[in-house]
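Listed next as C-alpha cells is one chain, alone, in the form predicted alone.
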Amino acid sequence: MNKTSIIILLLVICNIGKITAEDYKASLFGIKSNGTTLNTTAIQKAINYIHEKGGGKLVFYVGRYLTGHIELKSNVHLQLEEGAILVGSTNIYDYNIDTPYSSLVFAYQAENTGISGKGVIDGQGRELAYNLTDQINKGIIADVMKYDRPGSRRPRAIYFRECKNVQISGIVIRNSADWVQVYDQCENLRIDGITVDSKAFWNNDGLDIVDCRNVKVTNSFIDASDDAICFKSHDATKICEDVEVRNCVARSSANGIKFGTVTAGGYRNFKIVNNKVYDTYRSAITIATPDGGAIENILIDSLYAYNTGNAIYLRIGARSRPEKRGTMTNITIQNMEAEIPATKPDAGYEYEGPVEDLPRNISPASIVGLPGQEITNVTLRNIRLVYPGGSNPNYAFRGTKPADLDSIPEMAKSYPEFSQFKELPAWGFYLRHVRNINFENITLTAKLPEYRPAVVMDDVKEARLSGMTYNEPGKGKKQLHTYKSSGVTQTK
C-alpha cells in the first residue's frame, strides 16, 4: 500500500460514524433504533456534544428511536431521514412535566436550530395522556382535570421558546398528547413542507405560533383534532407580527385557521394566502381578540373552504382583561370560496367537535364587536359562500323585529365562537358594532328557502355594498336588513 492510500484509509477510519464535518450519525453515540431502548440520555449527550463542537446535524436513519424529553441547543439540527421515527416514551416521568414547557423536543433561547428530513416524530400521545390521567387519579400527580382530561402537564411534541433562526421542514408529526407544536416568542421561523396527523387526544392544535416575529409557514398539510393553524398572543407586552401562511391545507375538529383564543398582546401584519380548509367543524377563518389585544393589517387571500361549519368569524370580546379594550382594524378577506353543509362536517372522526350552543339553525358568517369597541376598516371582496338553507323557524327562531335583535346578548366575557349567540337573524352575514366596511362582489347562495334575510346589520356605520348577488329559491325578498345603522349604501 502506497503512502497516499494509507492517508486515505486513515481519514476514512477517523470519520466512521461521521458523515461530513458537521453531520453525525445517531449510532455514533450509542443511540439504538430498536424501538425499545430508551435513548433520552444518549440523544441529549449527542446534542450537547455537537453544540460544544460548534454545531451540526444529528442524523437518524431507518428505525424507531424511543426517547423522552430532549433539548435542542444552538447550531444543532435534528435530521430524520426517511424511515426514521422519533418515538415518544409513554412514561409521563420521562418528560419535563414540572415546567411550563412540557414537551418531547424542546429548545430554549437557541439559535440556528431545527428539525428536517422525511422522518416522523410520533408522540404516542393517547397512551401517554391516559398514563398521566392514571397518575392523577391515583393522587401521585396534582393536576387540574377538566372533562376528565389532564390539564397543563401533557407534553407537546415540539416546543421552541425564544429561539431565533428556526427551520422545520419535511417531517411528519403524529399523535401529540397536547398541542402538536408550539413556537413561542421565536424570531425568523420557517416551516415548510411538513405533515401533521394528530388526532390522538383532545386539544391537539396542529400548529401554534405564539408572539413570534418574521414567520413563514408554507406547503404544509395539517390534520388535527383541535385548531389546525393557530396564532396566539400570551404576553401583553409582546405581539405576533410579520407572519405569512401560504399554500397549506388544513382539517380540524375545531377551526381551520384561527387568531386566538388567547390574545393578550395582539397580531399585526399577516398574509394568509392560497390555503385550503376542509371537513372542519368550526370556522374556516376565525379572528378574535377577547383579552385586550390589538389586531391590525390582516390579509386573507384565496382561501378555499369545503365542508366547514362556518366561513368567517371576526370577534372582539372582553373576557380576561375588561380594563384593556381589544381592537380590530384593517382586515381584508378576498377571493374566498366556502361551502357550509347541513350536517356535522367532522362526523366520524374519533375526536369530533362537541355539539353545543343549540338550538340553532346554520349560523351565518359573523363580524361582531362590542358597544364602544367596534371592528373597523374591513373589506370583503370576491367572496362566494354557499349555505344549505332550509332553516326551520319552529326549531329555532330569531326575527328581525327590534325586540328580536335587541335580545341577542353581547356575551363579552364568553369564549369567542361563531355559534355562541345561538340563533342569529341572518343566513349569510350578521354584523354588529362595526364601522367602515366594504362588501365588493359577494355571492351568497342558499340551496333551500330561508325564513331569514341574507344580511343583517345591527349598529353598523358606513357600510358600502356593491356587486351583491343573493341566490335563494322562491319569490324574491328583501335580503338586507339594517337596524340602528347609518351610512349603509348598496349599489349594483
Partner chain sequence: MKSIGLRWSVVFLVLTLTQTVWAKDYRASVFGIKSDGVTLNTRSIQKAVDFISENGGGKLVFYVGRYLTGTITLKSNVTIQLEEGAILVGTPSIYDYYTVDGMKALIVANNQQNIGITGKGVIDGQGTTVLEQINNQISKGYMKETALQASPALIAMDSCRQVTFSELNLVNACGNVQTYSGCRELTIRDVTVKSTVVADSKGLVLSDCNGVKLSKIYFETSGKECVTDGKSKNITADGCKNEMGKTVSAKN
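Residue numbers count along the first chain shown, from 1. As the structure is a computational prediction, the values presented were derived from the model and not from experiment.
Omitted here: the form predicted together with its partner chain. The next part is about that form.
Asker: From the list N274, S320, S152, N137, which entry has a heavy atom within 4.5 Å of its partner chain in the predicted bound form?
Answerer: When its partner chain is considered in the predicted bound form, the option within 4.5 Å is N137.
Asker: Pick from E410, E82, D406, D357: which residue has any heavy atom within 4.5 angstroms of its partner chain in the predicted bound form?
Answerer: In short, D357.
Asker: Assess the spot marked by R126, Y147 and N394: is its partner chain within 4.5 Å of a heavy atom from every one of these residues in the predicted bound form?
Answerer: Every listed residue reaches its partner chain in the predicted bound form, so yes.
Asker: Which one, 218-226, 321-329, 294-302, 346-354, holds residues whose non-hydrogen atoms are within 4.5 Å of its partner chain in the predicted bound form?
Answerer: It is the stretch 346-354.
Asker: Does Y93 reach its partner chain in the predicted bound form, with heavy atoms at most 4.5 Å apart?
Answerer: Y93 lies outside the contact set for its partner chain.
Asker: Please run the contact check for T133 against its partner chain in the predicted bound form: heavy atoms, 4.5 angstroms, yes or no?
Answerer: Judged by the heavy-atom cut-off of 4.5 Å, T133 is in contact with its partner chain in the predicted bound form.
Asker: In the predicted bound form, is there a heavy atom of its partner chain that lies within 4.5 Å of any heavy atom of Y306, even though the partner is absent here?
Answerer: No, Y306 is distant from the partner.
Asker: Is W202 part of the interface with its partner chain in the predicted bound form - any heavy atom within 4.5 Å?
Answerer: Judged by the heavy-atom cut-off of 4.5 Å, W202 is in contact with its partner chain in the predicted bound form.
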